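A lone chain, given as structure tokens: the form predicted on its own.
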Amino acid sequence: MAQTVMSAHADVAGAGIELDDIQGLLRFGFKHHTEAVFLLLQVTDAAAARQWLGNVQVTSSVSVDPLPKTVLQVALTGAGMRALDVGADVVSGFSEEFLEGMAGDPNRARRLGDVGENAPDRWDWGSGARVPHVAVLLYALPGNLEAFQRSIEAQCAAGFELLYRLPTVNMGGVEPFGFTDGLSQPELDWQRMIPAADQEQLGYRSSSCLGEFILGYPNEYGLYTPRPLLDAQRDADGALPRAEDNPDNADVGRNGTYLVIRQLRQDVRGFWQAIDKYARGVPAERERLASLMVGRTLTGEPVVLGPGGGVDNAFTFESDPEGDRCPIGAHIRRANPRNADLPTGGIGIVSQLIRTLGLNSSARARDLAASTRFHRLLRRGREYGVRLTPAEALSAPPTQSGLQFICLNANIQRQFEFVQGAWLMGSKFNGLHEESDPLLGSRLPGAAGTRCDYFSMPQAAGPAQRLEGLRQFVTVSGGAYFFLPGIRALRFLVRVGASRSS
């Protein structure tokens, strides 16, 4: 294993990537570190907070061989940067979404589905005076978290107030509703082999340009996502990397990313009781309906592949344009439509023109969802609460279970907010009407009073089967946008704040 890691490291280093500056969460999911807790902090003493942040040991992306017993990652909100006295000339270079915050704009809340029971004023944290400044993500091998957490919390006490703890539990790769999870992730192009240009993708691919997830590298458009760039004189000692696209500038964003955290409470009992009612108490029908809503069976097989298809993540929905096997509105189909820039077809110029100009009716039908490659998310969430089987959930008392949803992306608006707002919450996704995501949807009527509490399941022979009056099964308990900086940028931001305060 050590030789494999070293070889991969060499390939990455040859691609001009500073692994020692990239926080490890971007490269590793820390799956062996099955114990984790996420600490949300507010700055109470800026000088003491900066001192801790300037010296804390942050795990990089260089290697996890041998596995460290504990791992620490650090991320800052826009409010946190201001609390640490980072100057406006630096802070203003970050994205508008990040600076405003997840709960900072009512229009954003509406687009994200944060209305009704999900409204920020009902959150446990993340809005008003309860916006965190810093997230400290702690991971540990079994048996090592408790002491590690105590030590870190004691260290932070001088400069921070502990606002909230987000606990996690190892459910063995199964999310609280009972479905195998974490099966589909984009593959980051660590060797930078994908041409950095906006080429027409005539087929879905799971790999993504590095710049889709790490700032300072070209994204799928062949461009560099805007981030704070400073005149090199501001960084005379070379503490920061230089910008690839502008070598005369010090790059505050390079090797960092935006981190989204949303605490999602799942009504496990309510979900299975509702499905059981639709299934009239028949266990096989109950599992079938739930699988169609998710798009996978309980054990992870994509329903689009049919019985015996196995857990294959190389599939697309191209063979099922009407949703006869996997409904158009199924959760995994909304979260990742697995389409390309153009509907598939021949590579000849005539074929491309027919599809581009909309002269092919089947091509038009398959071009209703935006191209997936510009809207990918790297998920790093963890479950919390109690794991129940569907049968147990039917009779169990209500539980506090759910997902500490975490995703990484270089462009919050184009990636997380688009997927959440247009694909998951959108009632007109891919030609559908009166439906939002069957798991995450809020079910509140639209602005014109239109319902969105249906779920349609087309049938190859006969009319579609439609579930009506879906309840809300997932509620948002808190959320915030963070910047997960490169390790050199973390030290730089701390130093900038200290110089301004002196």
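Residue numbers here begin at 1 and follow the sequence given. Just so you know, these numbers come straight off a predicted model, no measurement behind them.
Just so it is clear, the following notes concern the form predicted together with ligand HEM, a form of the same protein that is not shown.
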| message | Residue-level contact is defined here as any heavy atom of the residue lying within 4.5 Å of ligand HEM in the predicted complex; does residue 184 satisfy this criterion? | response | yes
| message | Would you classify residue 274 as touching ligand HEM in the predicted complex, given a 4.5 Å non-hydrogen atom cut-off? | response | no
| query | Quick one: does residue 474 come within 4.5 Å of ligand HEM in the predicted complex, counting heavy atoms only? | reply | yes
| query | Would residue 439 show up as a contact with ligand HEM in the predicted complex if we use heavy atoms at 4.5 Å? | reply | yes
| With the partner removed from view, which of 130 to 138, 146 to 154, 328 to 336, 388 to 396 is the stretch that lies within 4.5 Å of ligand HEM in the predicted complex, judged by heavy atom distances? | 328 to 336
| query | Ok, 243, 377, 74, 99: which has a heavy atom sitting within 4.5 Å of ligand HEM in the predicted complex? | reply | 377
| query | Among the candidate residues 166, 91, 419, 303, which is the single one with a non-hydrogen atom no more than 4.5 Å from ligand HEM in the predicted complex? | reply | 419
| request: Please state whether all three residues 180, 266 and 296 have a non-hydrogen atom within 4.5 angstroms of ligand HEM in the predicted complex. | output: yes
| said: For a quick check, can you give me the residues of 382 to 418 that have a heavy atom within 4.5 Å of ligand HEM in the predicted complex? | reply: 403, 405, 416
